[in-house]
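Next comes just one chain, in structure tokens: the form predicted on its own.
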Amino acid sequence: MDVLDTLADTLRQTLMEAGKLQKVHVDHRATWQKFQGHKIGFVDGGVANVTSLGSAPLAIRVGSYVVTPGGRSQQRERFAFDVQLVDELYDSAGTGVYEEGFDDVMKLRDAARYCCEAAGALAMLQSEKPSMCILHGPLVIPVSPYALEDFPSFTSSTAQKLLPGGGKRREGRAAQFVSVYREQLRMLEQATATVCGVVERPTSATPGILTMALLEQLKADGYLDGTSMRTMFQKLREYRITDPILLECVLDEAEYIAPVALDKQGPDNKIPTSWAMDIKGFPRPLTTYVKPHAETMPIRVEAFRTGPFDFSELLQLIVHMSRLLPRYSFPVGLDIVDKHAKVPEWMSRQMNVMLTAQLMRRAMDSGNPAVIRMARRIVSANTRDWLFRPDFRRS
């Protein structure tokens, strides 16, 4: 705690000297009058909990919630599902979800979810034309962990769904996650709306990427010497102090740090050589932390530079939306779309029933007794199920 207190105090004083500590003026009446009549869209994705024989069937839907503050008509709010996919999203001709070539199923699901949420944002921007689009989660993610030689491509039909209006048939490298996701971000960056992402969950990286960028920037501007910067880096690593923990002690209520354009794809030694040129071309979102309420942790905000609202106006809206949930302090529109997009357990169970029925039907159609026996064991208790494990109390 002593180390954290010293680091936070030093960083706060240095940020104030550099003019990088800013504050949102809290005035609900003025804020809502300012944004009155502007459509604001919120996007989030939900993944169903489905399992099946030796595979990872993916069931993803992306929900959107569009609201016009101050509107009084029945069209003031709109709920929709802009992307719904239940099938093999990846090409199984070679290595795919239904093959044995790629074992990290969670990476496949995460990559599909990121692309589906970006596709949902693009579809909502196209259909509703809001002034602002806010995603639940980071706006740009590090893609190097997914730029693997054996990482499967999306199917051609899936790639077309993920890039609304693209029209071009994508195969091979052009249909892989890095290529599709980069094209989606390019389209979002060029949108006429202000596009941003809001992250509520604390990160575990030490030192945090924003803190590292801030300290390097303060050193470059002459507000911090090299020895002090290296000492702070050492303490941050040694005591595992993350961005949210440090900035919780730095920021007061409604304060935020002047946004920094972050390259989230570094360091270079982690970028696969075959994808280096593509990955280095990813956009660098303006990133900051803002503390909406005195009793809650700061939240991370990432945004592109384009759109009708500048970064200070965006943070003004986010702070006032978050203060509508004082004990939770997170933009209320994202809380609404999160509940809208979540796949309930009863729906996951029904999907599992349908997948099981398809499995049995295909097994029966094969006419192979061994395949039929295997399918029966999959849908019923397996002989190595935990229910049948030996128990010394019963022996």
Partner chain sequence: MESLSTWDSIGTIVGDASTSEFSFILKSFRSRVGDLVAVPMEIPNEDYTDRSNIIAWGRITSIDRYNPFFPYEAAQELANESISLVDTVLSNSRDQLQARVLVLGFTWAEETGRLDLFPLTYPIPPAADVRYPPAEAIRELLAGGLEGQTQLPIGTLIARSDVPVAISAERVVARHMAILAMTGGGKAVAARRILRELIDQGYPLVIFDPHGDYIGLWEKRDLFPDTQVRLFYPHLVMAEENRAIVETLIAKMTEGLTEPQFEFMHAVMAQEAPEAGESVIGYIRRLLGHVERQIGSQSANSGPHRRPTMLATRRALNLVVAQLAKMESSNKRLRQLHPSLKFEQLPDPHEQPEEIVAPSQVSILYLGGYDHLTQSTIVSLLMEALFAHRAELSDRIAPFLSVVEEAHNFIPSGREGTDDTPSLATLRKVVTEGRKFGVGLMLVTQRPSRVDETILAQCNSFLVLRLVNPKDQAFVRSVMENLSESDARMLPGFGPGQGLISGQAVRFPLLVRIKFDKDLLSSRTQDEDFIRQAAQWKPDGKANVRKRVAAAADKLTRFKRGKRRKPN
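Positions refer to the first chain, counted from 1. Quick caveat, the model's predicted, so the values are computed rather than measured.
Below: the form predicted together with its partner chain, not depicted.
The closest non-hydrogen atom of R76 lies within 4.5 Å of its partner chain in the predicted complex. At least one heavy atom of R323 is located within 4.5 Å of its partner chain in the predicted complex. Heavy atoms of V47 never reach within 4.5 Å of its partner chain in the predicted complex, leaving it off the interface.
Put simply, G333 is close to its partner chain in the predicted complex: some heavy atom of it is within 4.5 Å.
Contact with its partner chain, judged by heavy atoms within 4.5 Å in the predicted complex, is confined among 121-129, 197-205, 68-76, 255-263 to 68-76. With respect to its partner chain in the predicted complex, the three residues L21, R284 and F309 uniformly fall beyond 4.5 angstroms at the level of their nearest heavy atom. Residues from 15-41 that approach its partner chain in the predicted complex with a non-hydrogen atom closer than or equal to 4.5 Å are H28, R29, W32, I40, in the order they occur in the chain.
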